[in-house]
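Only one chain is included here, represented as structure tokens and corresponding to the form predicted alone.
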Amino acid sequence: MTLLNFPDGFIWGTASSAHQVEGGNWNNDWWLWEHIPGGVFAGGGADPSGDACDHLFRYPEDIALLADLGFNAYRFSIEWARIEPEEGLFSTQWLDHYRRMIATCRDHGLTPIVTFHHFTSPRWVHADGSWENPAVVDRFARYCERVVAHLGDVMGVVCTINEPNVVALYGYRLGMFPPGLESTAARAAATEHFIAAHRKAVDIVKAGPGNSPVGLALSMTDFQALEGGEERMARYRYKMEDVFLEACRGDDFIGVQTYTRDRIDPEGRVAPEDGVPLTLMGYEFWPQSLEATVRRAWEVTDQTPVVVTESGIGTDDDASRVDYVTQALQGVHRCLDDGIDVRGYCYWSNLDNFEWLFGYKPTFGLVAVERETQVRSAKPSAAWLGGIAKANALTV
């Protein structure tokens, strides 16, 4: 048996997002998207978010459980639609709510990793062009200013925006996320505005109060070119990842979020390879993808420190979850051995939650949630990964 030690101060966390766990987020664009007649959720394809995991009220027990399991950090997001329900109208009530969440993390010895935007925007932003409208940059900055003024002295780590590349692709080019556009130009505009908003948010956090390290959380894939597919892969990867990575050079960290690989040939994306198991999301079981993307993020950002802000697997086989995370962490450790500055690992997710277009079918959580009663049940993988966090070491 081999003991793989991690650096002192290494972040061991789990992650969630407001819309996926809080419940009752009716004032944002995703709730609207879930209830459009004839939309992607119509006809019973997936259940809408509804009460989600009731984390809005049950967060004290959820945070206490994470601490009991052995984790030292919790990543969660603030819901913009609660903080600014109408343009220019800010809610001290909801700012205080998130301040209490942060205090609960602190009371239990968990570093609060706060994300300002995780996929969802207020309905009033959606109604006025959303991220295609250049006005969104200053609107987002104003929201960030209010959040930092209220919470900056107690936040631990800040992620400005979660996976803007996914929102730009699925919301503005493929029409699968709100606002449901299918336009190359709209995707380009959204990408430009996300990057500008990130840069403004970084400056706002840096201005204080507080001194939280701040970065962007980016969805990354282990892109692999098949014969003749090198040029197409490079173009696809640049639009999806590199344009964001280049914009994050010099930040306190880059958040890497990786689940699988993607093979590209001259015609485009290739179906999963025969013989490779699939997860409940339809992804290939490919835990080695995390090592590949950490290395690439480090390279393209000119050696910006890395935090793995999401890594996990949607599966109903908890042994597969342990296997997946074991291999992913071995890859992270090899990166550390090679001098790459990796500062933490956050598993997605702490709870079985609402997985966007897939509803509640894929189960990523370390903790099961009974949908009717909201009763939590920690899976064996939760104690296993929490034990690694306590020891700051992985035994292989």
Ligand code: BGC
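Keep in mind that what you see is a predicted model, and the values were worked out from it rather than measured. The numbering used is simple: start at 1 and walk along the sequence shown.
The protein also exists as the form predicted in complex with ligand BGC; that form is not presented, and the subsequent description refers to it.
Inset, instruction - Just give me the single entry in F364, W30, Y345, Y59 that has a non-hydrogen atom within 4.5 angstroms of ligand BGC in the predicted bound form. - result: Of the listed residues, the single hit is F364.
Inset, instruction - Could you spot which one of N162, T191, T301, T221 gets a heavy atom to within 4.5 Å of ligand BGC in the predicted bound form? - result: Selected option: N162.
Inset, instruction - Would you mind picking out the stretch of 34-42, 337-345, 356-364, 66-74 that comes within 4.5 angstroms of ligand BGC in the predicted bound form, counting non-hydrogen atoms? - result: This holds for exactly one stretch, 356-364.
Legend entry - Close approach of V137 to ligand BGC in the predicted bound form, 4.5 Å, heavy atom: Answer no; every heavy atom of V137 is more than 4.5 Å from ligand BGC in the predicted bound form.
Inset, instruction - Please check if L181 has a heavy atom lying within 4.5 Å of any heavy atom of ligand BGC in the predicted bound form. - result: L181: no contact with ligand BGC in the predicted bound form.
Legend entry - Partner proximity in the predicted bound form: Q20 to ligand BGC, non-hydrogen atom cutoff 4.5 Å: Q20: contacts ligand BGC in the predicted bound form.
Inset, instruction - Consider V154 of the chain shown here, and say whether it contacts ligand BGC in the predicted bound form, taking contact as heavy atoms within 4.5 Å. - result: Flag for V154 set to no.
Inset, instruction - Would you give me the residues of 291-313 that have any heavy atom within 4.5 Å of ligand BGC in the predicted bound form, in order from first to last? - result: The stretch touches the partner through E310 alone.
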